[in-house]
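Below, in structure tokens: the form predicted on its own, a single chain.
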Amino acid sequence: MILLTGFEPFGGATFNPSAAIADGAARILRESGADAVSELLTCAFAQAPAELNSLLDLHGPDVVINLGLAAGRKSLSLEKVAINHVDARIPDNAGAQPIDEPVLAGAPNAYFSTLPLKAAMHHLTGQPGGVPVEISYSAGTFVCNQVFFALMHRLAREPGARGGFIHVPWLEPGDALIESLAEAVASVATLALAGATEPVFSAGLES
């Protein structure tokens, strides 16, 4: 079973493409015969991890992909690492703005994604008319990273499921690229469900 999540709009916006892409990816997966569902998370530090844990309890997924918006990016960003640190540049939707706080006190400093990121990057960049894709080594310090960290902390205690986070670029409602990104996310989920392993090639950054 595959669980995909997106976020509600935040920061004064009225649309968040992560939710539309999660919905589209779940639909594409179901059309291919997979058991998949998309859910919406609140963009609030006090609520989002609890909502995620409730969804994990409800669905018992084999693969979990959280999606969020990184408005300044141009590519589909496959996130490698979640850090145990919150430093909110703006208030969340509940008005909270924690600064220099841990996601979970006493937890490890970081977790790596268990999605097959390089396998997905190789697959997606090899597709005709493929979407821009990159492996990112920073999921930020806002609610996206908090949810990513909370997910990986839980999955570390529940071996078997694979999970991680993908950031999407800003898109206007109705943009045709939403469907292309949904197809790409569905491909990542399919590879993870199939147990894809990582090929050996560099996806590192210069600085």
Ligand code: PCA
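Sequential numbering from 1, following the sequence displayed. These numbers were taken from a predicted model, which means no experiment stands behind them.
In what follows, reference is made to the form predicted together with this ligand, a form of this protein that is not presented.
Annotated contacts: Phe10, Cys43 and Val143 all touch this ligand in the predicted complex [non-hydrogen atom within 4.5 angstroms].
Remark: Leu69 counts among the residues lining this ligand in the predicted complex, judged by a heavy atom distance of 4.5 Å or less. Partner proximity in the predicted complex, defined as non-hydrogen atoms within 4.5 angstroms of this ligand, places exactly one of 169-177, 154-162, 135-143, 23-31 at the interface: 135-143. Contacts with this ligand in the predicted complex, taken as any heavy atom within 4.5 Å, map within 15-33 to Asn16, Ser18.
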